[in-house]
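Presented as structure tokens, the chain that follows is alone, the form predicted on its own.
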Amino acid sequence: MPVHKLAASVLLLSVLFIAAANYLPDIPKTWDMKEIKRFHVPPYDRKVAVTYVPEEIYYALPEYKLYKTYPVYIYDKMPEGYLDSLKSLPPEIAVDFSKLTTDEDWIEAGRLVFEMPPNRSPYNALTFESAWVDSVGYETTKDGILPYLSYIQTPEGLKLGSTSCANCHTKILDNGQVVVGGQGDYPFDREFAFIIKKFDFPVTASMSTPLVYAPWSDPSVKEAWAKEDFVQTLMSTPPGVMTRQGTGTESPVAVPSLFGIRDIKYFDRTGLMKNENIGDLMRYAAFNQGMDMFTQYGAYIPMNGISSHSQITTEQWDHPFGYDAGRYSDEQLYALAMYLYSLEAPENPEKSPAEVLARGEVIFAEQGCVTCHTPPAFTNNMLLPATADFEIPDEDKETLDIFNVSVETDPYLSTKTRRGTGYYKVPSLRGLWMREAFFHDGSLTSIEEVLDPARLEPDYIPTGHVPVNKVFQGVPGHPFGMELSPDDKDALIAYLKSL
């Protein structure tokens, strides 16, 4: 090779190497108070002042260490000597963010953040023995792995990790396929009920108040349930639905799918936070992985009922989900957001005839479904009033995307809880075929049930969540598509399951 060509090649490689070595994406600042106030939709009660954790306190918290994780097996299928082999391993940092040189590197790092468990508790080899598995109803892979959880080797020893993003947003299909980013199917509430029974935990108001109480809700929410009713209500919660912080045992919330999240304009069933850029997704993750418990509503801070501190500090504090006193780094959250952007929904393996799908698409348009569930995102990305008599504030008309029509579903979540805004967002229908929780409270478990007029009847008992102390008079709301002929309804359902 001529010398001048060799020199040119060396120069090009040097430029590429330097560019790769200095690759640094434009990472937004997660805890930017101006952005935090912008992306939050105000609470249902506009008279309640909302105050967020100060920036200096947030960034003074230690960053989570991203250690390597290992699979969790149910006890009966755990390989012999597995836990002993893990205990012998040294703690290993899973990724060095300073060495990431491409978008693909950041996406892979985001996968590790997605799987990283903030809750790292002492493990017990018998935790997932047969009695637990049978009573709670865990889904596992064919090898007996619980892909929602992980073991993590830390400087303090081997821990059982939970409450990662994967814990909520992982699903196992009937064919054994693990779907990451779908509507998860981990039975959180049933697991909690089993633990209460197994260890005879007392049920007190202090257990649930910080999770579910809102200053504008019925004061009785703060009262303790009868233990049997509380356990029975938790056991009635199906997989894919959970009583998460800021909701309530009266109205748990269906876990959302993350597919196509870049195209979704509002987070949460109630449209609690806006999604206008990748920084918003980072902020949403930070809030929902623990920091929202320190948001102050008037004089009320949810964490005050759990922590020994009257306000958030950099000292050790106790979180209801067992988190350490820490935070995700901006780099970790950016990588996580990149990973979530990369997720794609699998196609429904059950194919319907082309002519049936074509007919279903026509019915979808004729019935006006496209008005709210507009292709290609299959949502118009708008907020609907939770009730027909909700008076929309003037400021909302200027700052929010509102379609002023209520579909009259149960308003409890959006009017009685801390996640309440007075609105419900129009959900996307993408990946509907693999969902098992419908409506915001997971009261229905199939699209067939959604379109069944019997669910509106006073004596109807839904197949999903039914709180023990709530008298159901059918499942109200979204009365569309119920009067179709059987053939047309089958065609519409086939089309919906193809999205």
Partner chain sequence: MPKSVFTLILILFTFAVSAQEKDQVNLVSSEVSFVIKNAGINVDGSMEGLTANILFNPKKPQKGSISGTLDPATIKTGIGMRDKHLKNEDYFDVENYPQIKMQSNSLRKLQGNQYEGLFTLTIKDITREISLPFTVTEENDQFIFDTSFEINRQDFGLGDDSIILSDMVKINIRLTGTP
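Since this is a predicted model, take the numbers as computed values, not measurements. Numbering follows the first chain given and starts at 1.
Absent from the display: the form predicted in complex with its partner chain. The rest refers to it.
Scanning M78, L357, I195, V405 against its partner chain in the predicted bound form with a 4.5 Å heavy atom cut-off leaves one residue, V405. Contact with its partner chain in the predicted bound form, defined as a heavy atom within 4.5 Å, holds for exactly one of E276, E366, E129, E108, namely E366. Using a 4.5 angstroms limit between non-hydrogen atoms, K397 touches its partner chain in the predicted bound form. Looking at T374, you'd find a heavy atom of it within 4.5 angstroms of its partner chain in the predicted bound form. Within this chain, V370 lines the site of its partner chain in the predicted bound form, having a heavy atom no more than 4.5 Å away. Within 4.5 Å of some heavy atom of its partner chain in the predicted bound form lies at least one heavy atom of P479. Heavy atoms within 4.5 Å of its partner chain in the predicted bound form are found in exactly one of 242-250, 98-106, 154-162, 357-365, that being 357-365.
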